[in-house]
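Form predicted on its own, single chain, as structure tokens, below.
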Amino acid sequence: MANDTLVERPGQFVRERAIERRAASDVSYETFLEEYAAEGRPVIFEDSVPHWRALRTWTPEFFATNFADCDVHVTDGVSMRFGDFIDAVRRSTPQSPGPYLHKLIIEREIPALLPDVTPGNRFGFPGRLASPIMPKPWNRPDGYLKLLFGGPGARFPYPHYDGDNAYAVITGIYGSKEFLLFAPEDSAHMYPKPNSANVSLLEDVSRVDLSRYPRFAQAVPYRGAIGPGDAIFIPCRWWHAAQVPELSISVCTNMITAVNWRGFVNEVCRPQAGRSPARQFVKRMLLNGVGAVLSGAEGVQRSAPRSAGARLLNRLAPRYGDLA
């Protein structure tokens, strides 16, 4: 990562870091897992999906022409006609931002879009979520591929980190999007909500009232932007917020690998009010068993990748390189 630079914000100075950038063609999938996923290092991969038809076709006009009459899930508790949403996005300004679509799961709501983003971004392969032995609540072969869409001034409604201890990969398709990331070590400075530990009380990390949230001044932001074809990797438990300087379209996937598996199990099996401790214990034992089976299958694949056994086990523990 780049050296710190002194950046002025209203009422404060902070040490800001640039998110590392790499040419996607220079990074193998295994290198990505070892140097970024396992190390918990955010990175932006440039030109990561040159094969995607979406880069050549997805525009506001494309969606207005082909999907205007679709009802889409925009954000929590808000659905609307896609044509009306696009009109609002086109009117969006920094002074009067329009809605930001971030709840649309493509496979569920507009599956006709899937061929435009297939094969998927290799850095966003869902990993263990794609295994057929993954219990149904977490079996997500598409990584819950989401469509993200907003106009100038729009932003994700709150700083957060993704649930289930998952990694996130966001791939730009149209326009640009700016990100501010904060490491897990800064969690106390992000003012987590008492009942939602992965959601911040802060509404806009670019304009924080330090008289109300003084600890935020100690947080160190990592800044980066993605354009068409770029992909940002956000490690698990890294806080992030997105801002849209111009009309932007992108997609997001989640990942679970051997590295973040233990954290995944701990999170989904944590004690919760109203949930039977016995059932949580059984769920933990089940997921620990699934993890052990997948670790064994992945070990064979690494040690003897060309063997018949490895090819057979790929059905149990799919690896991106064999599915592309």
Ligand SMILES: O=C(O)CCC(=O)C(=O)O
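On a predicted model such as this, the values are computed, not experimentally measured, just so you know. Numbers for residues come from their place in the sequence shown, where the first is 1.
What follows is about the form predicted together with this ligand, which we do not show.
Participant: Counting non-hydrogen atoms within 4.5 angstroms of this ligand in the predicted complex, say which of Val72, Leu202, Ala183, Cys252 makes the cut.
Facilitator: Answer to the contact question: Cys252.
Participant: I need to confirm a contact call. Of Tyr167, Phe82, Phe123, Tyr100, which residue comes within 4.5 Å of this ligand in the predicted complex, counting heavy atoms only?
Facilitator: If I apply the 4.5 Å criterion carefully, the residue I get is Tyr100.
Participant: With the partner left out of view, is Asp142 within 4.5 angstroms of this ligand in the predicted complex by any non-hydrogen atom?
Facilitator: Residue-level check for Asp142: no, no contact with this ligand.
Participant: Quick check on Glu109: any heavy atom within 4.5 Å of this ligand in the predicted complex?
Facilitator: It does not: once this ligand is placed as it appears in the predicted complex, Glu109 has no heavy atom within 4.5 Å of it.
Participant: Would you classify Ala242 as touching this ligand in the predicted complex, given a 4.5 Å non-hydrogen atom cut-off?
Facilitator: It does: once this ligand is placed as it appears in the predicted complex, Ala242 has a heavy atom within 4.5 Å of it.
Participant: My question is simply whether Tyr222 lines the interface with this ligand in the predicted complex - judged by any non-hydrogen atom within 4.5 Å.
Facilitator: Tyr222: no contact with this ligand in the predicted complex.
Participant: Given a 4.5 Å cut-off on heavy atoms, tell me which of 85-93, 173-181, 110-118, 128-136 is the interface stretch with this ligand in the predicted complex.
Facilitator: Stretch with heavy atoms near the partner: 173-181.
Participant: What are the residues of 124-158, in order along the chain, with a heavy atom within 4.5 Å of this ligand in the predicted complex?
Facilitator: The stretch touches the partner through Lys146, Leu148, Phe156.
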